[in-house]
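Take a look at this one chain, the form predicted on its own, written out in C-alpha cells.
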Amino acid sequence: MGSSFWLPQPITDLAKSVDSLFYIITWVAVVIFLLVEILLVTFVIRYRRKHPKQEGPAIHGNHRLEIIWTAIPALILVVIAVISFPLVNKIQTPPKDSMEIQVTGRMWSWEFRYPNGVTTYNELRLPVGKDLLFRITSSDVIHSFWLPEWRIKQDAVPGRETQIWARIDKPGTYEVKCAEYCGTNHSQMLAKVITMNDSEFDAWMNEQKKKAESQGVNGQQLVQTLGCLSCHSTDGSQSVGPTWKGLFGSKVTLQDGSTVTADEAYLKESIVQPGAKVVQGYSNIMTPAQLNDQQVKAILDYLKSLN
C-alpha cells in the first residue's frame, strides 16, 4: 500500500466492485454535504438579525418540507441498499470447490494451514486463477485478517470460525495486516502473500512437504514463526516477556515472591499454561500454546542452547 494517501490499486475484480460502490456512496455523501453547507450559510446570511431589537417571525413548521427532507434521504438509503446487496451477497458466498486455507491469528503472527496439512507462518503462497476460501479464527484475542489490495478484511475471533474468499488472476506479492488492535506488537503482526502460477505453486508445495518430512521440528524456526520473539529477547534485552538468554537452569522469582528453578518441567508448564507461574515484574498476556510434545521438546532444546 506504500505511503499513498488514497486507496491502494485494486487487484481483484471483487476489489474493483468494492471500489465502485465506495465511490458511489462517497459522491452521494459529498453532494449532500455541500448542499447542506450551502443552505446553512445562505440562511445564516439572509436571515441574520439586522437590528438588536428586531424579532423574527414565529415559525410553526412546514409539513410538506419535512416530508420531503425525510423522504429523500430514506430513498437514497434504499437505493444504496439495493445496489449494495448483490455485492455483499457475492462476498459472502464462496464458489464451490474453492481451495480452503485455515488461517489462525495469534499475538503476533499468522498461521496458514493448507488442505494437505502443510503449515506456514507469516508467509502464504497461493496459486493464481483459483478460488480461495479463507477459514479464519484466533487462538487468543480478536485479530483481523486484512489484505488492502484485495479489499478483504475479516475478523479472527477466538472460539469461532469466520470466512471470506478471493480469487487472484496474476502473480504478485502482497501483505497481510492485522486491522484490529491486539496488543503491544500489533503493528508487527504482518505476513507476506505471494501468488504464483500453478506450476510454481505445485513445485513449492512439493518442496514444503519434503522439507516437513525430512527435517522434523526446529525449535529456533518454530519460535520465530510463532512470533514468540516478539515478546522474549534472546540477548538479555528488556522486552514484554522475560528474556530467554541464560534462562534454562536459572532461579526465577515469581509474582508471589517464591522462586523456582527454570528446568524442563517449569519451562514446559510456562509454554502450555503460561498463567500457572508468572515471573515477577511481568504480566500474563501469553495465551496457552497449542503445541504437540515434539514441538515443545524442540523449543526446550532451543532454550537450552541459549545458555
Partner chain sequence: MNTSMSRRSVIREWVFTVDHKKIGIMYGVTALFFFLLGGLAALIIRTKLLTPGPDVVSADTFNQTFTLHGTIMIFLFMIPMLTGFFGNYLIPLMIGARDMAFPRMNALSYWLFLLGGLILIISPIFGAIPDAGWTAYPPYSVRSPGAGIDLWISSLHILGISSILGAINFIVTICTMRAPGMTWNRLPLFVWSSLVTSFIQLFGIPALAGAITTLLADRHWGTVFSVPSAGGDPMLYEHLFWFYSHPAVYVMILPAMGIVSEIIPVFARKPIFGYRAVAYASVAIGFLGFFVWAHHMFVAGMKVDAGTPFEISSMVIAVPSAIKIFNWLATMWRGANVYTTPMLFVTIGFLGLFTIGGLSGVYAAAVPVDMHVHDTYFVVAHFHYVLFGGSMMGVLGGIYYWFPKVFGKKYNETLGKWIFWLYFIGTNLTFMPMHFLGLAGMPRRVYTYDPHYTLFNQIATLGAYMLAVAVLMMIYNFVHSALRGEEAGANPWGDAQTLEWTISSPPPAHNFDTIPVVTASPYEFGVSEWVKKEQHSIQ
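Between two forms, the rigid core is defined as the largest C-alpha subset superposing within 1.5 Å. Positions refer to the first chain, counted from 1. Predicted model, so just to flag it, every value in this text is computed and none were measured.
One more form of this protein should be noted, the form predicted together with the partner chain, which is absent from this view; the next part is about it.
In the model of the complex, no residue of the candidate spot (99, 210 and 254) has a heavy atom lying within 4.5 Å of the partner chain. Residue-level contacts in the model of the complex: of 259, 280, 243, 62, one residue has a heavy atom within 4.5 Å of the partner chain, and it is 62.
When you look in the model of the complex, the only residue of 167, 232, 125, 151 with a non-hydrogen atom within 4.5 Å of the partner chain is 151. When the partner chain is considered in the model of the complex, residue 159 lines it closely, a heavy atom lying within 4.5 Å. Within 4.5 Å of any heavy atom of the partner chain in the model of the complex lies no heavy atom of residue 306. Using a 4.5 Å cutoff between non-hydrogen atoms, residue 26 counts as a contact of the partner chain in the model of the complex.
Contact between residue 73 and the partner chain in the model of the complex is found at the 4.5 Å heavy atom cutoff. Residues of just one listed stretch (243 to 251, 46 to 54, 272 to 280, 259 to 267) have heavy atoms within 4.5 Å of the partner chain in the model of the complex: 46 to 54. Contacts of stretch 57 to 91 with the partner chain in the model of the complex, defined by any heavy atom lying within 4.5 Å, are made by 57, 58, 59, 60, 61, 62, 65, 66, 69, 70, 73, 74, 77, 80, 81, 84, 85, 87, 88, 91, listed in sequence order. Relative to the superposed rigid core, residue 286 undergoes a CA displacement of at least 2 Å between the shown form and the other one.
Once the cores line up, the CA of residue 41 ends up 2 angstroms or more apart between the shown form and the other one.
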